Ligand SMILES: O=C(O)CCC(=O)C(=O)O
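The form predicted on its own is given below as one chain in structure tokens.
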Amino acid sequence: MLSEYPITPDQIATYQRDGFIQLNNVITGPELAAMEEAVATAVKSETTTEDPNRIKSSYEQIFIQKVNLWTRHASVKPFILSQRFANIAAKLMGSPVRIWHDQALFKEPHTGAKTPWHQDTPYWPHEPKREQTTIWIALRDVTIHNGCMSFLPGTHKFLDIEPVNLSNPQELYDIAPQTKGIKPVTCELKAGSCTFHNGMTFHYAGPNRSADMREAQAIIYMPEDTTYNGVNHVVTDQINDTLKVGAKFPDTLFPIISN
């Protein structure tokens, strides 16, 4: 079992100020190799039945996205429900956390398109929408060449901005003119390193121009007391008859995993 990952008060302050932080070597050695194999195998198993000649939508051209692998693949589950990762999130957010969902985000060689600038939380059926956070783990090295992440510091404080249509994205300055003049910070990562970003922080990933798959695994956390607001979302659409607007998310599919 991995030991607790150390987080300093300065790192917490940086995250709270900027809305994101890079942390190195959150998972290493045999554990990293096992996580990469588990996620890559799960993604492959869920894509081999897809028609290779099917024309992909503009959204599908951004990446191969597989949501909630932990609910379908026993080999992936222990990594997604890792207390090591969740406890970092809890320290950065300042509250106990439950999982919202996981998503493998694989950009295909040469063809993986850019991920437009956007915030995350506006798409989610959550109230309130301020402290959700995502750990984005590089399963292989990520660089500018193959589609690493960039962030606009401080933009987690920009509320009530129109959600970006990722299939037909608007220009960033058209929907969020207040971001003009904010210099992006690009985070290249060695395998096993990660970023955490607040769900309201604007972020972007470039295209994959390399000859290899860009492999990343995201795990999204929400404060324990987050409530369901009834908005449609792929994670909850199949179970919304079991969810109550205004109530907290149930532990069965959204367990509390920080201690």
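Throughout, we count residues from 1 along the sequence that is shown. Just so it is clear, the structure is predicted and the values come from calculations on it, not from any experiment.
This next part talks about the form predicted together with the ligand, which is not shown.
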Notebook entry, point to check: Of the listed stretches (90-98, 129-137, 169-177, 75-83), which one has a non-hydrogen atom within 4.5 Å of the ligand in the predicted complex?
Noted result: 129-137
Check: Among 120, 197 and 218, does every residue place a heavy atom within 4.5 Å of the ligand in the predicted complex?
Finding: yes
Notebook entry, point to check: Heavy atom within 4.5 Å of the ligand in the predicted complex: which of 222, 35, 69, 205?
Noted result: 205
Notebook entry, point to check: Any of the heavy atoms of residue 143 lying within 4.5 Å of the ligand in the predicted complex?
Noted result: no
Item checked: Proximity of residue 189 to the ligand in the predicted complex, heavy atoms at 4.5 Å -> no
Margin query: With the partner left out here, check for me: in the predicted complex, does some heavy atom of residue 152 sit within 4.5 Å of the ligand?
Written below: no
Next item on the list: May I ask you to list the residues of 78-95 that have any heavy atom within 4.5 angstroms of the ligand in the predicted complex, in sequence order?
Entry: none
